[in-house]
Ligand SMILES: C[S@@+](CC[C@H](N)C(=O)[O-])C[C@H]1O[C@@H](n2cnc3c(N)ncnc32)[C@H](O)[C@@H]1O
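What follows is one chain in C-alpha cells, specifically the form predicted alone.
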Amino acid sequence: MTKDKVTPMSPEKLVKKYYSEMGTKEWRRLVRDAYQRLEFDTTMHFLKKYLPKKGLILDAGGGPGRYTIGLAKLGYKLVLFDLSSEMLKIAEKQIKKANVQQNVKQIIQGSIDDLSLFKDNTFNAVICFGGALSHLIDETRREKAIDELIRVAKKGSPIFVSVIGKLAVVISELVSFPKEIEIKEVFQSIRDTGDYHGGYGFAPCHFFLPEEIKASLQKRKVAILEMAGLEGLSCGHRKETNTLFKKYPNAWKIWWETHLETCTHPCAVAMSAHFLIVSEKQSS
C-alpha cells in the first residue's frame, strides 16, 4: 500500500473510485502472469468440479467479466452484476470481443447486498469472487449480502464465494510495507478486526480469516462442501512462481499438481491472499 490523499467519501464511493481508476488493469489482473493466474485457474478448477452441467449463473460482483466470459464459453447462461459502471463497460466490450453475448443474459449495476431485482431460487449457481464481499466493510451489509447470495440460488445449487485473506495481508505489510506497521488505523486495525478503511492505495476492505466466513455460512441453510487457498503454497512468492513457469515447464506441471493437492489444506487456505469457499443451498 502507498499513502494517498484521504477523502471524506463513503466506503462505497471509495470502492467505485478505486475500480474506476483501475480500468482495464482489473480485466488483465487475473491473467497477467503465472502467479496471478493461480487465482483464476484454481477457481475455474473448482467451478468445473461443482457446477451443474448447465444452467443460469449469477456472477455477483463480477467486475469486468473474466469469470462470466470463462463460463459463457463453457455454455452456461450468465447474469453479470457489479457495483462499478466502469467495470461493466469493460465487460460489455470483452463479452462482445469473446463473442459470447448470446450467453450473457443481463449486465446490471448494483451492490451485492441488494439483489432485490431477482426472485428467490432463481439461479442454478451463484458466484461471488475477488473482493466483492470483502469490499463491504460494514458487517451488517456483508451479512445481508451473504443472505442475498443464498436467497437467489435455487435449492440444492452451489454457491461459490472467494474473499481476501487476512493473514496474507498482515504478512505483506511486513514484507512490502513495514512502515505501515506503525500506523494504528492500518496495521493494527487489520490485525485486530480485519478492517481497512482506505487511504493507503487500496479500497476499503474487510480481510477474512477462513473460520470467519465459514461460521457465517454455517449459520444459514447451506452445507460447506470445500475450501481452497487460491494462491496456496505460492502465496507471497510471485517472483519464484513466475520464474518456475517461464524457465522450468516440466517442473511447473508438477507444481500445479502439487498446488491442487495442497490448496485445500487448512494452512494453505488460511495463508492465501484469496481463498474460496464452496457451499450448497439446502432444501429445507
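Please read all numbers here as calculations on a predicted model, not as lab measurements. The numbering used is simple: start at 1 and walk along the sequence shown.
A second form of this protein, the form predicted in complex with the ligand, is not displayed here; the remarks below concern that form.
Contact check for Arg238: every heavy atom lies farther than 4.5 Å from the ligand in the predicted bound form.
Proximity of Pro158 to the ligand in the predicted bound form falls outside the 4.5 Å heavy atom cutoff. Among heavy atoms of Leu47, none comes within 4.5 Å of the ligand in the predicted bound form. A residue is said to contact a partner when one of its heavy atoms sits within 4.5 Å of a partner heavy atom; Leu83 meets this definition for the ligand in the predicted bound form.
Scanning Leu244, Leu51, Met227, Leu30 against the ligand in the predicted bound form with a 4.5 Å heavy atom cut-off leaves one residue, Leu30. Only one of the listed residues (Ile112, Val163, Val126, Cys205) places a non-hydrogen atom within 4.5 angstroms of the ligand in the predicted bound form, and that residue is Ile112. The stretch from 104-112, 185-193, 210-218, 167-175 that comes within 4.5 Å of the ligand in the predicted bound form, counting heavy atoms only, is 104-112.
Contacts of stretch 129-162 with the ligand in the predicted bound form, defined by any heavy atom lying within 4.5 Å, are made by Phe129, Gly130, Ala132, His135, Leu136, listed in sequence order.
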